[in-house]
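The chain below stands alone and is given as structure tokens, in the form predicted on its own.
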């Protein structure tokens, strides 16, 4: 019998011995954990993973996305590859890599801390004009492998940086990616982060993002989910100073049996802070989309303005959507709201387009793109908005072929 991640999982003594690190004795969350109720890990427990190792390619595979003019930082199976990366990133940003310090937190964070080969550390001290593109590649080889990328970003007071993350894998390979990203936004600093998860259909991806935004700081993020067997992006944001501002948005487009879970926590601890969340998705085949968004407003966080919206579009009768927005408010002078809605393609709109000579597949594609455009509009960076819109268009074209 193969080992189970929830009990005698393959990250125990044998796994640790092969990797040369202490054994991790924790357990991954089971179905009784409320935040994981809609994302069971049964499929993950059926696979026996071995430690991911370095892969010998010296050039980037053809399926890896490239952004013209951007500086490039490449991780292969969680390890930084200098030969595939851009060494000169310009003034105001320094990139190093070192050991990961153990931290308390979720079981996934503990697992990452135990087995991450190193952390990619990005230190920002000024306004950085060049776009930084982080590419994390999963490559298991013949046997299923587990990889644990770790990224740490610190933007000092008044600094500014734009980061793009592409999480991809080599086609036809089974792997479990467990990335953890820690971001600290200093007073008056600005960090923009755009994340694309387009893993292979056999891949598992359970990501955790921990963000702290100091007073007067701005954090803007957009998360796009297009691929993977089982994907979860958990984003926890703490607003740790007055007048902090957060815009956290995302979109997903799923087909086949893909499962994608967005789980967010917006923790307002200080007054006069704002946060907004807009997530939209489309589901087809027998896929499953999940959105769980919780806003916590502490007693002293007066004048908070926090909002979240999730909308989903069914393209067939087979897929499923679970949505759970939550407000936990202890202050009395706030403006907080949440909304959720699901539906199907409007037949009247479809009829209108077809009556203008547009074929059914193209008409449906236009309506889907229009539906997701509201979420894409939340991307303030024009180049990233165009790039992610093109990714959605590519997904639509692949779906029609």
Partner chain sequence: MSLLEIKNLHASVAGKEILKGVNLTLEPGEVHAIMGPNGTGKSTLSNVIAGREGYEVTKGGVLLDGKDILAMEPDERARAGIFLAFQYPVEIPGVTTSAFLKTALNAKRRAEGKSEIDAMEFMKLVKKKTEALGMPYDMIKRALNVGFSGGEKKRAEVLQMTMLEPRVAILDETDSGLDIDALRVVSEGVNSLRAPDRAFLVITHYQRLLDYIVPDHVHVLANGRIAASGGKELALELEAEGYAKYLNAAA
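Positions refer to the first chain, counted from 1. Everything quoted here is computed from the prediction, not taken from an experiment.
The next section is about a form of this same protein that is not shown, the form predicted together with the partner chain.
Participant: 82, 89 and 128 - do all three of these have some heavy atom no more than 4.5 Å from the partner chain in the model of the complex?
Facilitator: Looking in the model of the complex, the three residues 82, 89 and 128 all stay beyond 4.5 Å of the partner chain (heavy atoms).
Participant: Please tell me whether any heavy atom belonging to residue 351 falls inside 4.5 Å of a heavy atom of the partner chain, as the geometry stands in the model of the complex.
Facilitator: Looking in the model of the complex, residue contacts with the partner chain include residue 351, since a heavy atom lies within 4.5 Å.
Participant: With the cut-off set at 4.5 Å between non-hydrogen atoms, does residue 64 touch the partner chain in the model of the complex?
Facilitator: Contact check for residue 64: no, nothing within 4.5 Å of the partner chain in the model of the complex.
Participant: Would residue 367 count as touching the partner chain in the model of the complex under a 4.5 Å heavy atom rule?
Facilitator: Yes, residue 367 is a contact residue.
Participant: Taking the shortest heavy atom distance, is residue 48 within 4.5 Å of the partner chain in the model of the complex?
Facilitator: Although the partner chain is absent here, residue 48 would stay clear of it in the model of the complex, with no heavy atoms inside 4.5 Å.
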